[in-house]
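Only one chain is shown below, in structure tokens, and it's the form predicted on its own.
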């Protein structure tokens, strides 16, 4: 049985397909950070992790929130560089429908969805909130359906954290140093690899 790893990164990237691929850090609302997180979630030296599902909700202008899910098992033709990943996000925004979820390209799904709806749909998972005051991940018994939550270059809002705690999320940390979001995902993947 495949044990899937879920990652959620709250993104402040823009919600229009008019993305300037030459300026992902600036005019695209730090889409470069989101792209790096997606890279860290999936790519190995010679392939893609099939057991990873990556979730994000874009909160930038003009049409938030936009939910995007990427499934490693179905993912095709996406390359690991930031620009290529941004192209797939752009395609998702171009093809998004207001009334239902669609698969914009193989393994990439897009729709309108709130954070609360995401939590409700995944309440059977084991939620872990990355926070500097959390328990060290080495001291936590990670469940069989792990779902990790973190921000991009900004932390989750307090109301989002409170909602996670209502869904019995465990606060965890990776130690005393503060890492980039993409590095946190790499470390968690490595840690879970070691556990397996």
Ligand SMILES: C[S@@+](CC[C@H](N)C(=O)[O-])C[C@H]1O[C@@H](n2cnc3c(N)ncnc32)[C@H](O)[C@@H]1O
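Positions refer to the first chain, counted from 1. The structure presented is a predicted model; accordingly, all values stated were derived computationally and were not measured.
We do not show the form predicted together with this ligand, though everything after this point is about it.
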Can you check 144 to 152, 24 to 32, 65 to 73, 50 to 58 and let me know which stretch has heavy atoms within 4.5 Å of this ligand in the predicted bound form?
-> 144 to 152
Determine whether any heavy atom of residue 17 comes within 4.5 Å of a heavy atom of this ligand in the predicted bound form, and answer yes or no.
-> no
Residue contact check: residue 162 to this ligand in the predicted bound form, 4.5 Å heavy atom | no
Using heavy atoms and a 4.5 Å limit, would one call residue 39 a contact residue for this ligand in the predicted bound form?
-> no
Given that the partner is absent here, does residue 170 sit within 4.5 Å of this ligand in the predicted bound form, heavy atoms only?
-> no
Would you mind checking 114 to 150 for residues with a heavy atom within 4.5 Å of this ligand in the predicted bound form?
-> 130, 131, 132, 149, 150
